[in-house]
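A single chain, nothing else alongside it, follows as structure tokens in the form predicted alone.
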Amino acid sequence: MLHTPSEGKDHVSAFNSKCMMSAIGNTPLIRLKSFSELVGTNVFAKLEYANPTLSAKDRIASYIVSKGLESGKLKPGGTLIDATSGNTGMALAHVSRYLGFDCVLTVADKASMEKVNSLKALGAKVVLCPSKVEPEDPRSYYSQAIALSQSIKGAFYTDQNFNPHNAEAHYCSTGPEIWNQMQGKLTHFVATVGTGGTISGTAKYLVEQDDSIQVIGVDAHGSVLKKYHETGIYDISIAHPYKMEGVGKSIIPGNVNFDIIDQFVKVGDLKSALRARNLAKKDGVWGGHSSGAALEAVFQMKDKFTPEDNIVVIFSDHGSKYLSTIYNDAWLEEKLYTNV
């Protein structure tokens, strides 16, 4: 194991070359034929579910851990801790297994059982927390993660909501990949907003190459982000429970660069779920709930696009993580049709 900063840097090098970093990124970007025809323009999906743990979060987990090792803040025998809707946790659990760290994750109780069981399968300790509480409540998954990071010796709080390395990971990888894959010919970039790292880091790179690119953030009904973007007011009174995981927030994450986002579009649980299911049946592209949310936002904006536009949408994770939820007819009917 590591004992000195110099050994830590050597370990980072080995980690980057032999483990997840070498398998992360360079994900496919494809044109969505049926959906493009539906909205009358060109819509491309960046398939982040091609990463090792089937989500975009592999990028940030590996990057944040690498930076922690380089700085010496993450030490031998340490414990990785974060609050997660599941995907970041899975990526952190994967990294921790390779490096021999413990991993403790606080997870909101609305997370799908596929995600929870996957976290446990990778050796993480999962602390389930109520989702129907305010962020400051000591029972919330935000508060629980902070408390654990303060009580566990050797804890390294990855803090995906406020750690700037989250957005930096996407600036260094996702943005350049999209620009190269599209040969610079994109007009719009669309991504759901949770921690804000994906949209902020990726968009920063893209807009630096071409400042005419429109950046569209996708928010959930029940989240506070859209109103904050439009008014600068953090209004917790508008927050209410919803089913989507990893979309929207009841806090204002430090990683959301509101200045780079041109507009937010709000989407609901049901239409986002149906949008993902429909694409899987028509095109065989199997995205998660947030992928459907991003497509639903594009659909709502369809009258604003021209046939010549090129819209890139982030597909954050894979549909197999939602077999017990949005791809389960009984769950969909019980949970969503009764609360559209």
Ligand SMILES: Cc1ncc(COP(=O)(O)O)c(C=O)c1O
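As the structure is a computational prediction, the values presented were derived from the model and not from experiment. Residue positions are given as counts along the sequence shown, with the first one as 1.
Another form, the form predicted in complex with the ligand, is not on view; read the next lines as being about it.
Segments offered: 234 to 242, 178 to 186, 195 to 203, 68 to 76. Contacting the ligand in the predicted bound form at heavy atom distances within 4.5 Å is 195 to 203. In the predicted bound form, residue 246 approaches the ligand with a heavy atom inside 4.5 Å.
Within this chain, residue 290 lines the site of the ligand in the predicted bound form, having a heavy atom no more than 4.5 Å away.
Residue contact with the ligand in the predicted bound form: residue 87 places a heavy atom within 4.5 Å of it. Along 50 to 67, one residue reaches a heavy atom to within 4.5 Å of the ligand in the predicted bound form: 57.
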